[in-house]
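Let's start with one chain on its own, the form predicted alone, as structure tokens.
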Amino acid sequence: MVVFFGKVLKINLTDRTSRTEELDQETLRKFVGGSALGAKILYDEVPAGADPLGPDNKLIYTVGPITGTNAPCASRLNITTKSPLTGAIGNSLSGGHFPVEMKKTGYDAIVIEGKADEPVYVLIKEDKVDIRNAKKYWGLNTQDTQNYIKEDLNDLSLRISCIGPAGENISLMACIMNEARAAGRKGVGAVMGSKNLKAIVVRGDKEVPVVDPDRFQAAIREVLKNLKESDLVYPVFTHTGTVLAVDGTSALGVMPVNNFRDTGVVDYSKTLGTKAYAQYDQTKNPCYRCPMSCTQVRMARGGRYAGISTEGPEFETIYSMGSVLGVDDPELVIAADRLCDELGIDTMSSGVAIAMAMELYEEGILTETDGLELSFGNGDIVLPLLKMMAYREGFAEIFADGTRRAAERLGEKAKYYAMEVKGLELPAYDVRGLKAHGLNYATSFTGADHNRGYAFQEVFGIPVPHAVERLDIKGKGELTKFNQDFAGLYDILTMCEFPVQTALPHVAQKIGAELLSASTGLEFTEEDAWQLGERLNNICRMFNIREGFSRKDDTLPRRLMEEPIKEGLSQGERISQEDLDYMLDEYYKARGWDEEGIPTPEKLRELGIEDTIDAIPVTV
């Protein structure tokens, strides 16, 4: 017996209609849900060369087969679109409670098509789909939008995914918020804004099916057992959240400082690490059925930011609003995190954009700043700049679309200071000291993305599939493939990758196969489960190739390739072009791609996605 919702809700904003489509068994078997289902729909339905901000692009919400069950850490949402920030496939993740509520509406995917002629929101409730006027909410921040819609509909149990001013003003760094959880990266909020869509509102009443409850519960028991036995999860991570990575990366000398110019020179673990943030802890706000409850709610207690609270700030935000700006004020980071959530702007891309602006100002390349002193360490300008970028005001409009476009507008000299890959700003790891992590940034189908293939072996020293030396380039091609396929599997299920990578990596294939088989009734071996992640990475690669991407785009910022880290445990490290070429050759070989990084027809047939072969460039 196979039990699966297997339904896709398609909403056309242009003519304000909706329809339901059934997924066939072959599609369910090959792509299942989550990020793979989103990628499949995008590849099939968005034409090559489509304008990411045009009506031909689609905004695709997908959940997985275990979303909404009693599986722990499984309340995850994938939003897939053609990224306006990169031009590549964009895949953004979010947790919280919206994913479960969406699943309970009975849909595995919600596809937004076309463009409304005025601001609207979508209400999905009790088998009804309404497209309603949203003029009264246009201009509101994300928190007020959610509160007022719930009040107007007289239903506080609704779950809402929405944009703020950044999305409305089509900042290519705009994110989508549900409660205080962000689908933060790749400009997904700009796509939503371009469609005049303010929010998607859901309330579900369906029970999520599980074919074999006993087998499913046995897999869950194994998950919980391994979480309990972990030396990192409950003893540390539950109490600190992701801020613990500030301490770890600082110790390794890879916490980026001053736009990656001064990594290792300053130790921010004392001012922005776990001990520094412990004094601001208020409570926790876990995702649905998450036993780890890593989300710490913190509140600034004194000075100009007193009383401002936020869910976090997470490690990436502590980097992007802290160390990469030369800022060591934990309360400012709390305030900046809260403001980004309200504006609906990605903390990572916006922070790195500010860091670039600071260095350009110090180098004399950027001279018009509306009177703001943009020097590193000047935290006073952070909140004003965030607002200016979200509203496209003053000189900050230059940076509202990310660092790559800012560099294009400011000239050749500015390009050196843009810390991005494929247009996506770097996350919070100086990969000169983490070679596999760097290779992942270079090759990830979304650009510089730690969620696509996190090198937990290098960061946490976890010896799965084997122990590695973080500064060695050898073997990193195979390792990066492993990590990316690993991430792909759990983004398909969907299940939060962090607990799996830190506590369950040695049984990840087994548990993944069991959860898939028991929940869907489609039998998956461990090899079948792992191939899901590989298939995801290949279809996304083919989407990008169809859009004109090639080996030349699998690269890193010049600074990381030319400048060695100045001080610390990673002093002297860089990833030269020669090093990167070595790792790329190894990676392409491990993937079964040719030397230009193009999947071979044989590999595509092996994975059952031979319908993408026609996207392979014709060489003369």
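The first residue of the shown sequence is 1; numbering continues from there. What you see is a predicted model; the values in this text were computed from it and never measured.
The following text describes the form predicted in complex with another copy of the chain, which does not appear among the structures shown.
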query	finding
Residue among Glu179, Glu547, Asp528, Glu316 with a heavy atom within 4.5 Å of another copy of the chain in the predicted complex	Glu179
In the predicted complex, the one of Val211, Met299, Val464, Val266 near another copy of the chain [non-hydrogen atom within 4.5 angstroms]	Met299
Exercise: Arg541 in contact with another copy of the chain in the predicted complex, heavy atom 4.5 Å	no
Touches another copy of the chain in the predicted complex: Asp144 (any heavy atom, 4.5 Å)	yes
Touches another copy of the chain in the predicted complex: Arg338 (any heavy atom, 4.5 Å)	yes
Close approach of Ala406 to another copy of the chain in the predicted complex, 4.5 Å, heavy atom	no
Within 4.5 Å of another copy of the chain in the predicted complex, all of Leu140, Asn285 and Ser309 (non-hydrogen atom)	yes
Contact segment among 421-429, 533-541, 291-299, 395-403, judged by heavy atoms lying within 4.5 Å of another copy of the chain in the predicted complex	291-299
Neighbours of another copy of the chain in the predicted complex among 84-106 [non-hydrogen atom within 4.5 angstroms]	His97
